[in-house]
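Heads up, the chain below is alone and in the form predicted alone; it's given as structure tokens.
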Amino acid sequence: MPVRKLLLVAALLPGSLLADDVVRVAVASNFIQTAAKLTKHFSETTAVSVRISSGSTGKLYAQIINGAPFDVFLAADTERPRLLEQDGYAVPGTRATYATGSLVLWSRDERLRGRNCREVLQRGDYNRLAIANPETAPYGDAAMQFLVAEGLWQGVSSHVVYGENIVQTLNYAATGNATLAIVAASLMSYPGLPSTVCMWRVPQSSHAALNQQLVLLERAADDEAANSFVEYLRSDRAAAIIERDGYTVVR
């Protein structure tokens, strides 16, 4: 049954055709909140359950090539989906950019109230700077690119603490274990996040574009529910949800 027809049937007869299907999705940490909103809407429309596993893009990629039973991968970069497609782990032609993100320099430290975060970073007037691990987290790689491009790396390198993923990186600053953090702008609405004391938007010109791509994994090539979910992620309805969470979507 064609994907579009499948979606129509599911919408008209919720709970019938696809009620027992489960789509297993690996999601980059920065996108976890938005993914939860998307999967909720998709499940309400189709009665298909979606199970999300989140982590850094690099670690999820490693799990996939080592046999983790995911159907769809929502990465925070373009490189890992490209490699999965190239090496036969993903269905050719399903790779697509679903969102483009951005970075912010953020602090909840009251000692920085009324100050400019960028100037604090420049002067080294802080304790720790948290960034995500550049080896496994695309947002950490972009943060590193910014620090190097701005000539800041030599001064900050001894103060850096690395988060395993972008959510852990935010948590370092949210709990006071780091004065500053360079994190995904989309996380500024993260539940329970302390009030912002100082925030500065990192220029997108200072790092490679944070284009995030999805791909349907080979194990789910003939899975109608997984194909339907990928089709949904490319829809205008999904794009509207993604944009509301602070990402850019090219339609």
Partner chain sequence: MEIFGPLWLSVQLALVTTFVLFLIGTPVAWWLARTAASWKPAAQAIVAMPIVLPPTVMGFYLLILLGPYGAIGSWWFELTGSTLTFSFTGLVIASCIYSLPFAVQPMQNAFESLPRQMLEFAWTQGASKRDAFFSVAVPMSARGFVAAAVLSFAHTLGEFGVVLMVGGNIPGETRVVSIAIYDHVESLQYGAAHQMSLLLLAFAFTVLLGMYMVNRRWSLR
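Residue numbers count along the first chain shown, from 1. In this text, all values refer to a predicted model and were calculated from it rather than measured experimentally.
Below, we turn to the form predicted in complex with the partner chain, even though it does not appear here.
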Is it the case that F31, G140 and F146 all touch the partner chain in the model of the complex, with a non-hydrogen atom of each within 4.5 angstroms? no
Which one of Q168, T78, T100, Q122 is close to the partner chain in the model of the complex, taking close to mean a heavy atom within 4.5 Å? Q168
Among V161, V104, A96, L152, which has any heavy atom within 4.5 Å of the partner chain in the model of the complex? V161
Name the stretch: of 113-121, 131-139, 68-76, 88-96, exactly one has residues whose heavy atoms fall within 4.5 Å of the partner chain in the model of the complex. 131-139
Any chance A62 has a heavy atom within 4.5 Å of the partner chain in the model of the complex? yes
Does T46 reach the partner chain in the model of the complex if we count a contact as any heavy atom within 4.5 Å? no
Stretch 45-59 - residues with a heavy atom within 4.5 Å of the partner chain in the model of the complex: S56, G58, K59
